[in-house]
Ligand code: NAP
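Read the single chain below, which is given as structure tokens and is the form predicted alone.
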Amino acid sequence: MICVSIGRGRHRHVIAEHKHLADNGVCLVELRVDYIQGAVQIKRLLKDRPCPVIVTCRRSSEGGRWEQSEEARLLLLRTAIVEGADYVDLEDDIAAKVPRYGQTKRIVSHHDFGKTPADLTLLHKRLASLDADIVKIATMANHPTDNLRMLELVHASKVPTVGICMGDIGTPTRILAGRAGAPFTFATFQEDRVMAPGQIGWRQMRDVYRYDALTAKTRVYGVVADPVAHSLSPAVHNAALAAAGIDAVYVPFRVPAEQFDQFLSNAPRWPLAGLSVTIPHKEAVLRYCRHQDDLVKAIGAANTVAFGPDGMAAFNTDATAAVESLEAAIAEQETLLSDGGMPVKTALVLGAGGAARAVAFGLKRKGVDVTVTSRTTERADKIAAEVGCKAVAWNSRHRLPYDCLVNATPVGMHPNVDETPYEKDHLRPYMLVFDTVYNPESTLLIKEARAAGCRTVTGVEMFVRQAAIQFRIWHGVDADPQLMREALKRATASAKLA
């Protein structure tokens, strides 16, 4: 069950949002009365409530907005109990001061905005001893292992327990809490109005992650990166999983580089079934992969991992997706050569990251004469040596004509939509221009290339194709690419509004 937190300054706004949520199927809301301006009217908030409520009045030390005296806060909580609130949230230092009364259930909570304590079991035992119907522990995650410890605590607890790790690193606990056995998790009413670090919007929890459908048998997949909050892969993969009726969920894992080794060593504890791997882990992951496909061996990097009984298997779907995207665009305009070869002979790849290397390698394998360039000359030289192609200085990228131009840099990505890595005066109608940026789909480079009469391929095509190949590797069935494409565009539109 998803509990949606409502924090508004006026009673009528709280009541209106409560009704809206109940009308949309939400079965539990948290009324953050510390957000209300002026005197809090508990009776008004609870009268004719459309679904059960948790009454919470949080101090600033626990991330709240209560500015009045502690005596007034305790009186407010006791009043909520007398008025028959379904639940009342009591921090561990006041639980003994507020006696049980009537049918109101007691949530005894502990918050730590700095860390996740080393001994969660001891903390839980103390909270449970304070006449708790439900124990709630919310701590800051500083390491991916904090998530595991929290979820394992929830799963092992005899007293119903809500265990949440806050912050970007802690996101998996919010999504997987129910799978571990928590009675509910918390979400925010609006994406841009969070009441705790890392809180997720209730629509996203319901529609993208399908929180209420997750069980202990649900397989766990995800994307591992740092940062990861910007990733739209969860929207795409979860939409495909729902359409295929597969009991699995795809979760974002923020894992700093120095914590990656331990994260992978703990993979069986989640347990993980598959991962999309992106910056900065595409090369480091190979140390753990017993099996590697030919592309991975040649490129020296992976973007996909599958976990099996005989170890981890690594794949690289980026290179295949890039070449397939180019070929598809050419085929649509009936310019593909009759012998099946690439109708471009030369290509300039902008960038020196994992995507640039994958694209350069994929084009090289198709017989294209590839040149790479980057603002960091040493990195471009390194890729050129690995792929077996040429490198030129960034300032020289406009000097020679190329049949194909590929942008594998983040230039032009939202929110920097007015930037381009290639001057429009050097675009020619015979060129095929491919931009791997997918947010926005129509980057400035793509717009200017179309205006110049160039054939274009957007990053959406490559993103969807690589995701579809990943889906087939993990699940043994094909995803609907159009469904993935629509999910990506919806998520992109939502990201712009956030």
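Every value quoted in this text rests on a predicted model; they were computed, and no experiment measured them. Start at 1 and count along the sequence shown; that's the residue number.
From this point on, the text means the form predicted together with this ligand, which you will not see here.
- Only one of the listed residues (163, 362, 351, 222) places a non-hydrogen atom within 4.5 angstroms of this ligand in the model of the complex, and that residue is 351.
- 376 is the sole member of 265, 103, 395, 376 with a non-hydrogen atom within 4.5 Å of this ligand in the model of the complex.
- Taken together, the three residues 35, 64 and 66 lack any non-hydrogen atom within 4.5 angstroms of this ligand in the model of the complex.
- Residues with any non-hydrogen atom within 4.5 angstroms of this ligand in the model of the complex fall in just one of 52 to 60, 36 to 44, 66 to 74, 456 to 464: 456 to 464.
- Although the partner is absent here, residue 355 sits close enough that one of its heavy atoms falls within 4.5 Å of this ligand in the model of the complex.
- This ligand is not drawn, but in the model of the complex it has a heavy atom within 4.5 Å of residue 410.
- For the chain shown alone, residue 437 is a contact residue for this ligand in the model of the complex, at least one non-hydrogen atom being within 4.5 angstroms.
- Using a 4.5 Å cutoff between non-hydrogen atoms, residue 328 does not count as a contact of this ligand in the model of the complex.
- Along 262 to 279, one residue reaches a heavy atom to within 4.5 Å of this ligand in the model of the complex: 279.
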